[in-house]
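Let's start with one chain on its own, the form predicted alone, as structure tokens.
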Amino acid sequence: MTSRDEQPGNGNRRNFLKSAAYGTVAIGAGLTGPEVLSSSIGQARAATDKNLKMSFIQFLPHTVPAAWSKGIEDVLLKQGNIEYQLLDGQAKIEVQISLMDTQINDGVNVIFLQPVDSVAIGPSIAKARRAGIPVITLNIDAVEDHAAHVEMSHYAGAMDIAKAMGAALGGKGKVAIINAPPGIVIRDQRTNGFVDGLKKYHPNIQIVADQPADWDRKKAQEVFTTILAAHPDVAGAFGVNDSMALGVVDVARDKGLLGKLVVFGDDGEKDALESIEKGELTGTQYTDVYQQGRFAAAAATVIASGGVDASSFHSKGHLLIPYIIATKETVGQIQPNQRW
């Protein structure tokens, strides 16, 4: 995990609380349970008797934001004075903007956000900052400056996926990328990491297709079927999320190619881990998404309890969550309570 937080000022209580928020997050690094963070912020409740309100505006309902929300709740609900709600952005920027306006007008203390559009949401984040409300983004960053960004290690993880996939292919062959729609920053981070990883570790592997499947398993089935028809000798596929990778596995099963195709996903959701254990999916980048939500909530709790105003943040805290490349050999390291 890396951090680029500001250092606490000399004797300045608000700067100290701001730094303490990120220090709290750092304590929880690694694949651990909720008790680590809950004990770390046990004194935050005593800092104020004021009731606090926090909201998470997700991109759209999916296993990943659902797990973030559970992790957030693990921390917030233990405080006893925080009202929390999960709101659906419906994958529409106009919906997220409207929800941001509502939350700002309602006087929430912290907004967690997974932006639909990293640029278009900027004026809403600036409006929240003027209202004194810190915004913490999850996984998809925003160009407008805000309090903190907590994300999976998209680029480095994808490089390691390329390294592992290339090893499984014996360093040669043709592969396809089943991608997210253009315009989303994590699409570029994961794609670039995978491409750069192949160049670095397995330069003899050729990428013959890179097609979007909109994060969707069924769409990935259609896309990979088309790719397979055009490139019947394709030996591997990288699904930029697990849903799309599992769509490739579905096609491989239907066409009798299980065990012949090397297929990797990214995220580490429960269905992907079970598919690895069955010998279907080759591997994925696993991140403890529950813990990612807890990290964000721990920072938010200390910020809000200490009365740190959004204007106090002169640079964005950036936290990368630890990961492992889960394969048949390593998937057993991930405990049942860490699977989402």
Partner chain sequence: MFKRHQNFALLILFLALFAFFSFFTRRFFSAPNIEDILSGYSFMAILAVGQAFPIMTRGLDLSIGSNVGLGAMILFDLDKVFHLPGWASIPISVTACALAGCVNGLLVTQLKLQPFVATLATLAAFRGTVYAVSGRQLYPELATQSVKDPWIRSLEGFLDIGHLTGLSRFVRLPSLPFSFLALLVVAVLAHVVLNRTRLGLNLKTVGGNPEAAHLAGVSVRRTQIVAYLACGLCAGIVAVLLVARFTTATEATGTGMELTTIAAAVIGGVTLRGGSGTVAGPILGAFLLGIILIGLTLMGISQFTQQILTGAILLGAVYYDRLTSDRQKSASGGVA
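Note that this is a predicted model, so its numbers are computed, not measured. Positions refer to the first chain, counted from 1.
We do not show the form predicted in complex with its partner chain, though everything after this point is about it.
Quiz item: Heavy atom to heavy atom, is residue 80 within 4.5 Å of its partner chain in the predicted bound form?
Solution: No, no contact at 4.5 Å.
Quiz item: Is the gap between residue 153 and its partner chain in the predicted bound form 4.5 Å or less for some heavy atom pair?
Solution: Residue-level check for residue 153: no, no contact with its partner chain.
Quiz prompt | residue 99 within 4.5 Å of its partner chain in the predicted bound form, heavy atoms | solution = Taking the distances in the predicted bound form, the answer for residue 99 is yes, it comes within 4.5 Å of its partner chain.
Quiz item: Is there a heavy atom of residue 163 no more than 4.5 Å from a heavy atom of its partner chain in the predicted bound form?
Solution: No - in the predicted bound form, heavy atoms of residue 163 and its partner chain never come within 4.5 Å of each other.
Quiz prompt | Segment assignment from 119-127, 193-201, 250-258, 163-171: heavy atom within 4.5 Å of its partner chain in the predicted bound form | solution = Partner-contacting stretch among the options: 119-127.
Quiz item: Any chance all of 227, 278 and 331 sit within 4.5 Å of its partner chain in the predicted bound form, going by non-hydrogen atoms?
Solution: None of them does, since no heavy atom lies within 4.5 Å of the partner.
Quiz item: in the predicted bound form, which of the listed residues (231, 217, 270, 92) lies with a heavy atom within 4.5 Å of its partner chain?
Solution: When its partner chain is considered in the predicted bound form, the option within 4.5 Å is 92.
Quiz prompt | Residues of stretch 77-91 in contact with its partner chain in the predicted bound form (4.5 Å, non-hydrogen atom) | solution = 85, 87, 88, 90, in sequence order.
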